[in-house]
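So this first bit is one chain, no partners, the form predicted alone, shown in structure tokens.
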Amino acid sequence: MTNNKYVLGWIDEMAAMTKPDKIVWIDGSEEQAEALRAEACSTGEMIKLNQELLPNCYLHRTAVNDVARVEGRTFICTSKKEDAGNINNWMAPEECYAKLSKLYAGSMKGRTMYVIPYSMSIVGSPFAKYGIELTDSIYVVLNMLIMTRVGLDVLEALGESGDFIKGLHARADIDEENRYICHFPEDNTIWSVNSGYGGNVLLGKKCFALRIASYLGRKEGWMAEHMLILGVEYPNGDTKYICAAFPSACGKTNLAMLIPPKFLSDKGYKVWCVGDDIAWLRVGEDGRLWAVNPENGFFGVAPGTNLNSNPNALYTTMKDTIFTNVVHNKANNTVWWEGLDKNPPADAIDWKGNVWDYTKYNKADKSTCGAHPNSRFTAKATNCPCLSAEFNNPQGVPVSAIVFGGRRAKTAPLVYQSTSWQNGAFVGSIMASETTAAAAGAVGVVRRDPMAMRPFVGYDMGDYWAHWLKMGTMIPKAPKIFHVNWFRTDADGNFIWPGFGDNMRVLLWILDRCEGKVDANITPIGYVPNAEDINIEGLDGVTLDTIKELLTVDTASWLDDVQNIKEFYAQVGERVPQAMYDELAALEARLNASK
């Protein structure tokens, strides 16, 4: 397959440790993929679904102790602990290699090692980075074929270079006490052992495309961000692009695949999805910031996805999809999950493989769910009805705006604009969401998730913020930076803003600000819209007074928030840039002056 001595030498070394019975190279062909699907079905690793209703779709179940990313078992292994930072778990590289080598030893005996050459972003593009994942899981192979660009052209593009990300995954015993997902950014290496769940074992995703890539981006002068990319097409055919970062449970995928309200679609407005999860950003020759989605598919949460919440995502899953940990509807050999519709199947197997009685389902008790709350679909981006025509553009798309968001009941207004790139980086650094009844623990607790990257930065968070500040000096025509909050509530705890497709009304104001088409009011936190500039045409129950309420800046709440931010900055540690403290002090002073 290749004569690259770096690739071959590394594979030999890993095979000597894991001792597979045989080694199979993945070439990206449909013929090989189909043979692997058949093999997985013959062993029970996957179940072939109804090929008339769900063509080329399959069901997989993970072990019951292996259903989500494990932040507590995820490590950044840098030679100096301070380079990993206080937010990450750290282990010395030598210690980690030694510990995990014992777990890998002989772990592939009786199994096949699959060699997956893959590219994050379009092969040969200025953004492209190459990786090779070694795994003993057909499930991983088939998911990587959907989520990344796999094939022999990757080996051709790599040539004789040793510049690739080395990923080793072994299921071993799926032992949660010895489960590790470890990143060695100084070695371009990722090791994952004792897991079979996608977020821990599809090493091109969060492991490479965010943790390792964020480290590379800092070193090489670009950015790897936990951001969706969408395009808003105007009736005249012009399309403007937005990158947006949201913590979990804030509607990120729904926004990425947004369907405009009818009054806007009737006028010719459209929204195109470039990516739903990760953006790599580089400064273009024209001085603008350009973005690509380095992935090739969607690894989405199934529960709650339906024809009302996200029809584009649902349509995307209707062929060529691997479903993980959802309900198996035996009556017609299809799948179901909570929130799909109001017709749970009577003849069903739950995500654990047990007979499921939907009449005993209790919404307040997650243990009664038929599908695991973190059950997933792995679907091809090319099957998405609203996929952007620029999805495979090797140059990416030019970014007009960067949007941060969170789930705040009172503090953040519906939308505001930062006053500068530095101030925008500060806004990103203080991103937060309040826990809801659906989350474990107390309701209303603020969790800081800077740039939605808290679990995904491959080095110290303070250094990451410093990189953001430095990038601001490197982009002559930098995007404007905004913050949104779809989740403001009234006195009874009800959401005031309708959300979903109507969020486009806010996106249009954001893009108007980028074009200098509308004014705004300066407040202690930044620029807030004139209520009249948020289009509420056709919105039932939403008046101009409603918008004014959504745009108020609650000074007392913000001053309380400042104290929480100070505590968080102290937790991040001594590498928090002085510019961030200056921004925080200036915010506090403006809030006190406005009382």
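In this text, rigid core is short for the largest set of C-alphas that superpose within 1.5 Å between two forms. Heads up: residue numbers just count along the shown sequence, starting at 1. Predicted model, so just to flag it, every value in this text is computed and none were measured.
One more form of this protein should be noted, the form predicted in complex with guanosine-5'-triphosphate, which is absent from this view; the next part is about it.
- With the partner omitted from this view, the residue of Leu387, Val301, Val283, Cys96 that lies near guanosine-5'-triphosphate in the predicted complex is Val301 [heavy atom within 4.5 Å].
- Ala249 is the sole member of Ala249, Val446, Ala157, Val518 with a non-hydrogen atom within 4.5 Å of guanosine-5'-triphosphate in the predicted complex.
- In the predicted complex, guanosine-5'-triphosphate lies within 4.5 Å of some heavy atom of Arg376.
- The shortest heavy atom separation between Asp277 and guanosine-5'-triphosphate in the predicted complex is within 4.5 Å.
- Contact check for Phe263: every heavy atom lies farther than 4.5 Å from guanosine-5'-triphosphate in the predicted complex.
- Contact annotation: Phe487 falls within 4.5 Å of guanosine-5'-triphosphate in the predicted complex, judged by heavy atom distances.
- Heavy atoms within 4.5 Å of guanosine-5'-triphosphate in the predicted complex map, among the stretches 231-239, 130-138, 520-528, 494-502, onto 494-502 alone.
- The putative spot formed by Lys19, Lys166 and His183 is not touched by guanosine-5'-triphosphate in the predicted complex; no residue has a non-hydrogen atom within 4.5 angstroms of it.
- With the core superposed, Ile496 shows a C-alpha displacement of at least 2 Å between the shown form and the other one.
- After superposition on the rigid core, the Cα of Cys250 moves by 2 Å or more between the shown form and the other one.
- Relative to the superposed rigid core, Arg179 undergoes a CA displacement smaller than 2 Å between the shown form and the other one.
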